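This document opens with one chain alone, in structure tokens, the form predicted alone.
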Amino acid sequence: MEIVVLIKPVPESETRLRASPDGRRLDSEGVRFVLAGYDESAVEQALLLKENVPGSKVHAISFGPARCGEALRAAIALGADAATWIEAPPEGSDDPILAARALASALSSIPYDLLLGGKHAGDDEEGIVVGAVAELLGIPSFGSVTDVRPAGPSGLAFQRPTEAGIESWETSLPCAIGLQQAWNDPRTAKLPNILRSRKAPIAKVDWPTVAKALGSESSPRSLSEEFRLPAPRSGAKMIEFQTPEEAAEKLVRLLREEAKVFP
């Protein structure tokens, strides 16, 4: 099985973020970027399938600026067999449709049976790239998927949690899956593999090549107008109480008199 994992680097969760000087995007200076959480689960799921289906290979692909290299090397350190960086335009782009077009274009020359990606990235949470790539390639796609397992000679079985309960699905290949959770938690890369990943080759498709392949569709459909951090939170107010009833009474009074939540 040829498994392609679509990954995206996102700011580390504890990173202090700030807007760029023009106020339109995140200032990436000094920000540490890591593999997106759901993408990390997608890599884990790909490796589990590789271990259970003899002859399988895992190819990690990312569209974006140069920082994609670190996320791709992280995937190699975990066990991916190959990696490809698809360069974004020099001015950058936050447009998910352009990302999907660039990825789909690159996949025209890369073998795949299964496309895996996180159900959404931890920065914008748009969650449309995997489905958009599948639409452009003309293959079925499924989102918010868990527990992907081989089914028969050329199929997959998986589950989808919904408000009504757990759905069980089977599908044939090729297909695309936006993953919510793998069989188990993502593994941790071992130091020797991390060191080897630093020297591993990463194929690159530069932006001029991407733009030529996309033609008139190389322009983004959406542009970021403003990047604004949420207002600082005020400090929490602790309630001292002896009994649960006293705590409830004090809380209701504070919500009514100070927070003005209740009439």
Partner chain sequence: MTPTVLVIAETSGAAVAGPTQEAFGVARSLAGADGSVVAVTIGGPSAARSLALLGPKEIWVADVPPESITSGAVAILAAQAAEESRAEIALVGGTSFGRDLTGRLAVRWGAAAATGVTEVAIVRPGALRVRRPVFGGRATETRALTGPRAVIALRPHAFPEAPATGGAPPIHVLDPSLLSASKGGARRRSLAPAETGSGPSLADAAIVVAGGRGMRAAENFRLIEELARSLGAAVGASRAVTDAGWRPSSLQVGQTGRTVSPQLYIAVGISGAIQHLVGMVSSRTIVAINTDPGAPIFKVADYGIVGDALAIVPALTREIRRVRGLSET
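Positions refer to the first chain, counted from 1. Bear in mind the structure is a predicted one, so any value in this text is a computation, not a measurement.
Not pictured, yet referred to below: the form predicted together with its partner chain.
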| property | result |
| --- | --- |
| 4.5 angstroms heavy atom contact with its partner chain in the predicted bound form for residue 218 | no |
| 4.5 Å heavy atom contact, residue 55 and its partner chain in the predicted bound form | no |
| Contact label in the predicted bound form: residue 146 to its partner chain, heavy atom within 4.5 Å | no |
| Distance check, residue 22 to its partner chain in the predicted bound form, heavy atom within 4.5 Å | no |
| Listed residue that, although its partner chain is not shown, lies within 4.5 Å of it in the predicted bound form (heavy atoms), from 110, 139, 82, 189 | 139 |
| Options 73-81, 130-138, 189-197, 110-118; stretch whose heavy atom lies within 4.5 Å of its partner chain in the predicted bound form | 130-138 |
| Contact set, 103-122 vs its partner chain in the predicted bound form - heavy atom within 4.5 angstroms | 122 |
